[in-house]
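Heads up, the chain below is alone and in the form predicted on its own; it's given as C-alpha cells.
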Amino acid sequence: MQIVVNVIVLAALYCLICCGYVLIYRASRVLNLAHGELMTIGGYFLFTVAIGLGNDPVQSFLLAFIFSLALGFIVYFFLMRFMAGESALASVLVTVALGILLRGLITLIWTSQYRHPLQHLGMENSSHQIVEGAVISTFGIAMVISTVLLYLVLFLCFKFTRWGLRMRAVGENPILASQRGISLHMYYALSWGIAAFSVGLAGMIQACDSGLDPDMFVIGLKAFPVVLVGGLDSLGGVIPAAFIVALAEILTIHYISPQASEVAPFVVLISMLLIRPWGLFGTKEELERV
C-alpha cells in the first residue's frame, strides 16, 4: 500500500511541473528547458520570504506565489517576447541559456548550502497513517490536493472562460486569433506566468517536504519525459503519463535500486517513442513541429 501512496505523491509532483511545460508549448510552441530552474527559484522565493516574515506561513506562501507568477511574466516580456517568429531551435536554445543563468544566480544569491524552509515557517512535516502500512507526509497531502485543484481550475477555465478560450485559440491558430483582435503577446505572457506559478508551487511544496538545494532543477528534467509520454500539446495527457512514469520509478526504487530509478522515466520515454512517438494523447502534427 505504501507503494501506491508514493506513486500518487510523485505523480502529483510531476503533474504540477509538467502543467507548465504543456501550457507554454500549447500557447507559443516553445519547449522551455529552464523549467526545472523556475521550480528551484520558487522554493528559494518561499525560503527568502519566510526568513523575512518569520512564522507566518500563509503570507509567506502568498508572497512566494506572487513572486513566481511575476517571474514568468518577466521572463516572457524581457526575453522570450523577442523570440516570437524565430525558429523553434533558437527559442529552445534561449531557454537553455536562461536555465544556466538562473542556476548561476541561485548559487550566487543563496549559495549551494542545503536549506530547510520549514524552520522559518514555524511548521512541521508530520507523517499521517492512511491505512496500516501506508503513511503520507503533510506536504505530500498538500502536493496531491494542490495538483487536483490546479488541474480542475485550468480545465474549467479553458472550457468556460473568455481568456481560456482565447488562449486555446492563440495556441491553435495564432494568425487567425491575431486577426480577430486577440493580443498574442498577452496570452503568451499569461501562459508563462501560469507555468512559472505551477512549477514554483511544486518547488515550494517539494522544498518543505524534503529540503531545498540548487540541484532541485534535476527533478524538472526528470519530469520532461512525462510531457512527451502524455503528448506535448495535451494537458489531460499529463495525468496518465505522470502515473505511468511515477509507477516505473517507484517500482525501480523498491525492486532494483534507488540509483537505477534515475533512468526509469527515460526508459518509459524510449518505450513510448518506439510505440507511439507523438504520445498517448498528442498529435502527429505536434511531433512534426518538434
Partner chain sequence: MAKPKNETLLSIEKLEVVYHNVSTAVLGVSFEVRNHQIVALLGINGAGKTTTLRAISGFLGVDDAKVTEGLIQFRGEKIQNKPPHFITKKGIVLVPERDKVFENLTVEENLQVSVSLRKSRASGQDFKDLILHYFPVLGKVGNHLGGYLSGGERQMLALSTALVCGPRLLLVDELSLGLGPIIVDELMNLIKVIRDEQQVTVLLVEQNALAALEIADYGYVIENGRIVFAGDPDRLRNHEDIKEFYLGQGERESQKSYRDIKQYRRTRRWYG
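Residue numbers count along the first chain shown, from 1. Note that the structure is predicted; figures quoted are calculated from it, not measured.
Unshown form predicted together with the partner chain; subsequent notes refer to it.
In the predicted bound form, the residue from 154, 123, 182, 92 that sits within 4.5 Å of the partner chain by heavy atoms: Exactly one listed residue reaches within 4.5 Å, namely 182.
With a 4.5 Å heavy atom cut-off, would you call residue 177 a contact of the partner chain in the predicted bound form? Yes, residue 177 sits close enough to the partner chain in the predicted bound form that at least one of its heavy atoms falls within 4.5 Å.
Might residue 132 be said to contact the partner chain in the predicted bound form, defining contact as any heavy atom within 4.5 Å? No, residue 132 stays farther than 4.5 Å from the partner chain in the predicted bound form.
Partner proximity in the predicted bound form: residue 165 to the partner chain, non-hydrogen atom cutoff 4.5 Å: Residue 165 belongs to the contact set for the partner chain.
Find out whether any non-hydrogen atom of residue 145 is located within 4.5 angstroms of the partner chain in the predicted bound form, and reply yes or no. Close contact is absent here: in the predicted bound form, residue 145 is far from the partner chain, nothing within 4.5 Å, heavy atoms only.
Segment assignment from 167 to 175, 190 to 198, 69 to 77, 146 to 154: heavy atom within 4.5 Å of the partner chain in the predicted bound form: Going through the listed ranges, the match is 167 to 175.
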